[in-house]
Ligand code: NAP
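Next up is one chain by itself, shown in structure tokens, the form predicted alone.
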Amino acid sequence: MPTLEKIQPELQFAQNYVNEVFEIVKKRNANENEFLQAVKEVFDSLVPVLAKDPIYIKHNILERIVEPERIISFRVPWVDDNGTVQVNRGFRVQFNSAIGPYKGGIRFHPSVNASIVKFLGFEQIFKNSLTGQPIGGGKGGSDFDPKGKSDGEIMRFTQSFMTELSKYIGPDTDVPAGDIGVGAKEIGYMFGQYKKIRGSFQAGVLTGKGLSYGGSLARKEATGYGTVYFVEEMLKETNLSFNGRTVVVSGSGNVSIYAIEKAQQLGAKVIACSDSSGYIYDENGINLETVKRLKEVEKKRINEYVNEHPHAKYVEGCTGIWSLPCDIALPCATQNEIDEVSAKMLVANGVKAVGEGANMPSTLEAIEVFHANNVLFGPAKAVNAGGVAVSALEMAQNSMRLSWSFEEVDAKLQEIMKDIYLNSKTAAADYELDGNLVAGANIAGFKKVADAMIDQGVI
């Protein structure tokens, strides 16, 4: 393969192609900022690929891959505990099925709109490809907020949501899972409604299920554990590890809790975590059992932590968490939580590595800051792929009508995360982008999907 220095005209041609396609994407998706941000990050990484492999330009893969195969939008009427009819919006974006059935979570949160679901679905294409599993990219959700709702209200909403969604999903078509606001309870209600509508028990239609009806051990832990497994591989490149390191983790949901758990198991001291109201700082190290009980059992806000650990501090607002000095930062809350200012604070305080446990938690400007200052940076589509990887393992167990032990699933997860790191690293090096795991993950994920699209013709 020729070096990039020898194909400067091809590089310029590829850059012009990327620019032209991105302008088309902007016109077609005006005001969908999250989606455009995700597309730009991927496109910028692919210029050297298109220069060396012009077949992707010949087949106009970029313009094809940014268009979802199907977008489903529907109303979700339901009745609250007062007998009042409420209406929410439901979405499912079936983005790309070149390498397998659509696969991606369902998010229930007031912020959910077409742009967010499309950005998540677009990222899912490449994340799923990176896992090495035969799964395509999709995503869904609703602007329904489960916080403050009774179990009856959540059940009635999810049943209404699934009544419509059931027309478009299936074990070999589209396999949703959970995401923000969608845990085991919501998955259970949706699975029950799907079973009732279809009149058959199809375990493979949803992942993240309860263990008693086809769920997988280690699924709850998978995204958080996988985040740490990836970052551990990244740290090894500079002879570092989690042992003895100070870590800040944003969020206090499923991903955050199990990232904290695994980091602590590897010898790290996690000093902070957060929720949407603010963050706690515990210089002695976060007491994970307290956080688990508050968030998983009692469903309370993170500020309750200081009532039991008065030496700790609670601070209103979330952005200040990145002002805390740390060796490793794991943003595990939501998109764009680390901006350029926060990234500069982390760098000034000596951060050595950043691993994105959430979906697109760093802005493009923040990523530039990390790269410019030689901070090890693991992008979301690689770092947080552990959840969907174990979802695919759950699908495999369902297909075989058996279940694996926690240790078996965890071992497979570790191998998958190690492979994702190595494949991302190798892809970056192949295109003279050594150390740039953002580009490497995008390239490795893209090429597998793009090659499948070419093989299958114009469909």
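Predicted, not measured: the structure shown is a model, and the values here were computed from it. So that there is no doubt, residue numbering starts at 1 and follows the sequence shown.
Beyond the structure shown, there is the form predicted together with the named molecule, which is absent from this document and is the topic of what follows.
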query	finding
Proximity of residue 252 to the named molecule in the predicted bound form, heavy atoms at 4.5 Å	yes
Partner proximity in the predicted bound form: residue 207 to the named molecule, non-hydrogen atom cutoff 4.5 Å	no
4.5 angstroms heavy atom contact with the named molecule in the predicted bound form for residue 179	yes
Interface membership of residue 301, the named molecule in the predicted bound form, 4.5 Å heavy atom rule	yes
Whether 72, 142 and 167 all lie within 4.5 angstroms of the named molecule in the predicted bound form by heavy atom	no
Segment that reaches the named molecule in the predicted bound form - one of 210 to 218, 103 to 111, 307 to 315, 76 to 84, heavy atoms within 4.5 Å	103 to 111
Contact assignment for the named molecule in the predicted bound form, among 174, 233, 186, 275, heavy atom within 4.5 Å	275
Contact assignment for the named molecule in the predicted bound form, among 130, 353, 321, 333, heavy atom within 4.5 Å	333
Stretch 53 to 67: residues contacting the named molecule in the predicted bound form, 4.5 Å heavy atom cut-off	none
